Structures are given as C-alpha cells and as structure tokens.
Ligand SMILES: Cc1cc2nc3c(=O)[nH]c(=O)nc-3n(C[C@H](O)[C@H](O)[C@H](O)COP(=O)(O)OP(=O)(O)OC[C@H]3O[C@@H](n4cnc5c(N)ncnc54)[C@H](O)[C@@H]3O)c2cc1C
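Consider the single chain below, provided in structure tokens and representing the form predicted on its own.
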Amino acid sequence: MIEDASGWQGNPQHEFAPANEGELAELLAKATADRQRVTIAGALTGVTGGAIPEDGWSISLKALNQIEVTPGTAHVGAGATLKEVQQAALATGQFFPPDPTEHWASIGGMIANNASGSRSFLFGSTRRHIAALRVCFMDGDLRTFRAGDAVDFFVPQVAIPNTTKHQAGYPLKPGMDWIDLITGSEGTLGVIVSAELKLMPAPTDLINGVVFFPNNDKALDAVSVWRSVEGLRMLEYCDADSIDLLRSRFEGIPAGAACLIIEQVGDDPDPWLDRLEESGAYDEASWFALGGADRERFRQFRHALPEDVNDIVRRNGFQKMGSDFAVPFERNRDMMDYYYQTLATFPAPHVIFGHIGDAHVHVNLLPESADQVEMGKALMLQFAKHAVELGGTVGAEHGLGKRKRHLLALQFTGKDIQAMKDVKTRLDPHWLLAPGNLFETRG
C-alpha cells in the first residue's frame, strides 16, 4: 500500500525504483508495450492523491537524487528533496526561492505540481525558476527542454484566471514553451527526470515578524496596506481560530488575536513600529527576529499550525477538508467575508490560514462526525464555485490530483478541457501515465 500526506491510499500491482534515467526509460517503454498504467511517486508529500496509483505500476524516482550547485544554477535529480537542494545552495551563499511548507517534498513533485508556498508573494511559483527540464515520455523517449523551447505542435488558448497563483489543468496558449507545459501537469504528460534550477544570492539581512492584531478584520485591513512594502517576500495570515490552536504552545499571545507573518529583505525594523501603530496591531506583544534563535521560533510557529491540525484529524478520526482556492487580490476581502459568513453556522472546528498576500488562504474544516463530513464537502464545493465567480482559481498550488479533479469542470469550459485532453493524447496516446489525475474521464 502507498499513502500520501492527505491519507489517499493505493495498491499498485508492482513497485519499481529505477537507479538511473536509462532504467526509467526502459520501464516506461515496456509499460507502453504491455499497456500498463504508470503512476510516478516522489516523496509522497502531496495532498491530492496525485502520486497514488489506482492500479498498475508505481515508479519511485527517489534514486534520481543527484545535486550539483554552480553559480546561479542547481542541476538536480527529480528525487532530490527541497531541503537537500536548499542546504546545498546555502553552502554556496545561494537559495532556491520556492518555499512550500513541506521541505521534504521532492523536486520532481514540486515541478509536477508547480509548487509555491509562503515566498511566492515575491518570487512566484516553481515554474518561474526552471532553466531546463529533462523529461522521459511513455515511449521511453528522453528529451531536454530549455526555457524558451516552443512546443512543436499547435495548442489553443484556454482562459486563465487573473490570480497571482494558479495550478489547475494545463495553461495552454499558442506558442507556449515546453517548460510551461510540463510544469504543473501533475505527471500526466511526461516524467520529470531532472532539472536545471535557477538560484539567487541568499540575502544577508532579513527582518522577520509575527504581528498580532485584536481580531481578524484588523489583520485583513493591514494586508492591503502592507502588500506594497518594498522588499517584502512573505505575507501570511493566521485567523483567530488558528491562533487559539497554538496558544498552549507559545506564551504571550493576546486573547482573541489574529496574526500576520512577515519576512522582508533588509536590516532596519524601525519602520515596522510605525506600521504596527497605524494598523492597530499589538506592538509590544508582536514578535520580531533579532537573531537566529528568534528566527527558529518563527519557523516553529509557522509549522506548528499544520501539525496541530493533523493532530486534531487523528483524534477525530475523520479526514480534514482543505481548500486551495485563490482570487484576484481586489476580490480578496469579498472571498474572506464569504468564508466567514458561510462558516458561521458550520458546527465543526475550522481554521483559515495561509498566503494572504496572494489572496490565497487555506480553509481547513475538521469534522467530528460523518454528518459534518458531508456538510464540509458541500461547503468546499460552494467555496470553489464562489472563487470562480470572483474570477479566481479552484487550485492555486497543490494541483487537483485525484481528490479534487472534479473541480476542473468548475474552472474550465468543456471545450477547454477537451483541448487539454487532446494534448495529453498527443503525448500519451494510450492514457497510461498518471491515470486518474486531473481528468475524470478519458478524452
């Protein structure tokens, strides 16, 4: 049995772990000849079931884990983890900007899902930081694509939401390049073997802060003002319900507080004193980093909430439901108001936190009964529809995989979805690769 971080499980008929790209190519060619369905697995940190096979073969890329860092670049195997890449880059005074919460995610999985995370506010998603990809297709053909290498067949334009983050389906447009097509395709078009990643110089000075506010509204008011702060590379939100979960683990949190987590390139924290006063934040109760120990405290704070949520899920015995919707920033407050108004009558615990600077937060519902599970499913569908009505996306950074593939039809027209299926058929004629991901039915 194979299981991902969301609890999605599968039982492949066979499991393989090729030692190099040649073995991988041979496996895929054999699978095509035998009409075997294939699902690729990385570190299994995903939350939508994308790496979990419904049947057929599971191929792990964990052995393809080489890392070579040079100035401005990291040559990385698909099985290498984000943490390993960051450590290797930092040793040379560089860093890889994408920063998803799960540092043990594989680079191949990050590319397959176009992962982003907290620093996407400034740096964008994984796609922006890829210089080249090595890809193996289902017939065993290995190809290398560099940024700017145009897809060598016609693709039409599909409608893309006006959000800073979007990861649902293929972002088709005439003249697009191969990296844009393969990145975010959730393993459905080809297998990512390795990548050339763009690195940036690591900043020598950073200002980190956890800023507490009397309530959710005050924190949300500050977001609109602070988004334009120069050098800001993180702007994260935890609502009052989220903070309540953390109160027993961290001393000095004001009662009823919500918070914003900020990170800025620079060494002068003084302007933040004025910003806190102007926004109505708790100035004395808020935390700002003065050294490595303080930054470690912030890291623990950021990661404690998902840990506590998962503890509640284990105790309750019912799977959580989490959103991954984003809207254009000018509709951010509309979406947040809709979440809170709708959840006012939901009887189970729930928390809202995440990438507020991108108008992309995660609503987590924590049902305590089977009836609440069904209520939660209905609410998530309602939220997805409303996000689309506001011009947003049903998938901002996690992909849709198997768990959320039904949302694709909310985002795109039937014509757009068929265009995506046509591309898959061209590159995977027998629909053997990543079956069940993205599409509910074959094209």
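For clarity, every value in this text was computed on a predicted model and none was experimentally measured. Residue numbers here begin at 1 and follow the sequence given. In this text, rigid core is short for the largest set of C-alphas that superpose within 1.5 Å between two forms.
Unshown form predicted in complex with the named molecule; subsequent notes refer to it.
A.B. asks: Can residue 102 be called a contact residue for the named molecule in the model of the complex at 4.5 Å between heavy atoms?
C.D. replies: Residue 102: contacts the named molecule in the model of the complex.
A.B. asks: Although the partner isn't part of this model, could you tell me whether residue 190 comes within 4.5 Å of the named molecule in the model of the complex, counting any heavy atom of the residue?
C.D. replies: Heavy-atom contact with the named molecule at 4.5 Å: present for residue 190.
A.B. asks: Is residue 186 near the named molecule? Define near as a heavy atom within 4.5 Å, in the model of the complex.
C.D. replies: So residue 186 counts as contacting the named molecule.
A.B. asks: Please check if residue 44 has a heavy atom lying within 4.5 Å of any heavy atom of the named molecule in the model of the complex.
C.D. replies: Yes, residue 44 sits close enough to the named molecule in the model of the complex that at least one of its heavy atoms falls within 4.5 Å.
A.B. asks: So which of 65-73, 392-400, 373-381, 411-419 is the stretch with heavy atoms within 4.5 Å of the named molecule in the model of the complex?
C.D. replies: Of the stretches listed, the one contacting the partner is 392-400.
A.B. asks: Which one of 259, 356, 78, 351 is close to the named molecule in the model of the complex, taking close to mean a heavy atom within 4.5 Å?
C.D. replies: Here the answer is residue option 78.
A.B. asks: Would you kindly say which of 215, 310, 87, 224 lies with a heavy atom within 4.5 Å of the named molecule in the model of the complex?
C.D. replies: Selected residue: 310.
A.B. asks: Can you tell me which bits of 1-22 touch the named molecule in the model of the complex, meaning any heavy atom within 4.5 Å?
C.D. replies: The stretch 1-22, when checked against the named molecule in the model of the complex, contributes only 5 at the 4.5 Å heavy-atom cut-off.
A.B. asks: Just checking, between the shown form and the other one and with the core aligned, does residue 310 shift 2 Å or more at the CA?
C.D. replies: Yes; residue 310 is a residue whose C-alpha shifts (by 2 Å or more) between the shown form and the other one when the cores are overlaid.
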